[in-house]
Ligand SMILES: Cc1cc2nc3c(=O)[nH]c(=O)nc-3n(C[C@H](O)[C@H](O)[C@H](O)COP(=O)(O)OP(=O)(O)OC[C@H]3O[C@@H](n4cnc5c(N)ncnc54)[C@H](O)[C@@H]3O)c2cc1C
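Only one chain is given next, in structure tokens, and it is the form predicted on its own.
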Amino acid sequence: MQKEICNKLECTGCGACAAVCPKKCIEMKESSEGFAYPEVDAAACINCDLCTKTCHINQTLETSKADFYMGWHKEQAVQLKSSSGGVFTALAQYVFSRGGVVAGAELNSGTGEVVHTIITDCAELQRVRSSKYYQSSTKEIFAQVRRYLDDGRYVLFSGVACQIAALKAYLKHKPYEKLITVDVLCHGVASKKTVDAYIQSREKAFGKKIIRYSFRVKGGNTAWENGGSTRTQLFFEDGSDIIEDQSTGTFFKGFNNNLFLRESCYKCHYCGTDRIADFTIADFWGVSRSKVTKEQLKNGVSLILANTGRARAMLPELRQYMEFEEIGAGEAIPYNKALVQPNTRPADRDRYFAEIGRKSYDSLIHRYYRKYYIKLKLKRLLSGILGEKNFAKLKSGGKDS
């Protein structure tokens, strides 16, 4: 029988069980859906149960109440390179200034893998900036983090909340004074299988090979505001590139509708305003225009949750890198569902994963969200016939916009 380390429906694929195994007999293997799950070599297993004892799903972990802030990095160039306001860079600068290192997720566009890695200075930050949207492999990162901490170095560990929980469990909840954790408020994670299928569909649509891609691209008239940065940039082998927004692209239509998230994401243990990490960062969707300038709405505004005494103690020193101010929790919670509850499991999820190996990603998305794409097509048709200004006037009920 295959050893069950935790309930498979709740397994987050964090890899802590494989990292802690003294016999290295646990391997993280992809399921048919493309998500990593632990597989135990029963012949090598010595039944020490370190894997089940370390698994964060089998534990009740300490959380802390959040204080809410909004903010952004002082340098505009950093804001534009970041998914939202560049707060992660400010935290990294704080750690680097103290001789520390940063652990974050890096996308290898060549292999399509997202892997947690260590960087040692600001010049490497772009490797671990921005959103990846599918699950990173932790591989050797937990052991590397422990070695740096045992050597007395500062470590900033960035990941989704279940990865923070996994690291703490792997470290046996030892209160390392120089460990600073930051979780990215998580909608859920997709699988590499889905991203690969999406890329293949776009290659077919454009008739050329994609060699690199980037999620959450800023620029243009709306840029970050109102989700305008929820765009994908595709780089082609011939040197050209294209930016797809929510109306022309297909990835975010499936992702934002929770179609292909990991099973455990629908039962996430770490939603709510009681947080597992020192800091939680996110987009401050819904930020009032009275609070920030029009320019800042284009560049990005971060939601920052300071969850622990350590985080609150750092805030005064972080002012040298970023602007921030305290806000009410009620200003942010309505626009970030993960601060309330996990996302709902859609009825089409099982059908999607049954079909994705046989049908193209684009065709499935267009079929599942047929009404949306028909409506979009009609809008484009009317806009083309009437012109953009007349179409906007029609939408506003005949009033000048």
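Just count from 1 along the sequence shown to find any residue number. Note that the coordinates shown come from a computational prediction; the quantities given were computed from them, not determined experimentally.
Same protein, other form: the form predicted together with this ligand, not shown, and the subject of what follows.
Shown alone here, residue 104 lies within 4.5 Å of this ligand in the model of the complex, counting heavy atoms only.
By the criterion of a heavy atom within 4.5 Å, residue 283 is counted among the residues contacting this ligand in the model of the complex.
Interface residue remark: residue 114 is counted as part of the site for this ligand in the model of the complex, having a heavy atom within 4.5 Å. Under a 4.5 angstroms non-hydrogen atom cutoff, this ligand in the model of the complex lacks residue 254 among its neighbouring residues.
The three marked residues, 193, 264 and 345, fail to reach this ligand in the model of the complex, with no heavy atom of any inside 4.5 Å. Just one listed stretch, out of 168-176, 237-245, 87-95, 204-212, contacts this ligand in the model of the complex at the 4.5 Å heavy atom level, and that stretch is 87-95. Shown without its partner, this chain lists 250, 232, 83, 307 as candidates; in the model of the complex, only 83 has a non-hydrogen atom within 4.5 angstroms of this ligand. Just one of 128, 149, 287, 180 comes within 4.5 Å of this ligand in the model of the complex, counting any heavy atom, and that one is 128.
Of the residues in 289-307, only 302 comes within 4.5 Å of this ligand in the model of the complex through at least one heavy atom.
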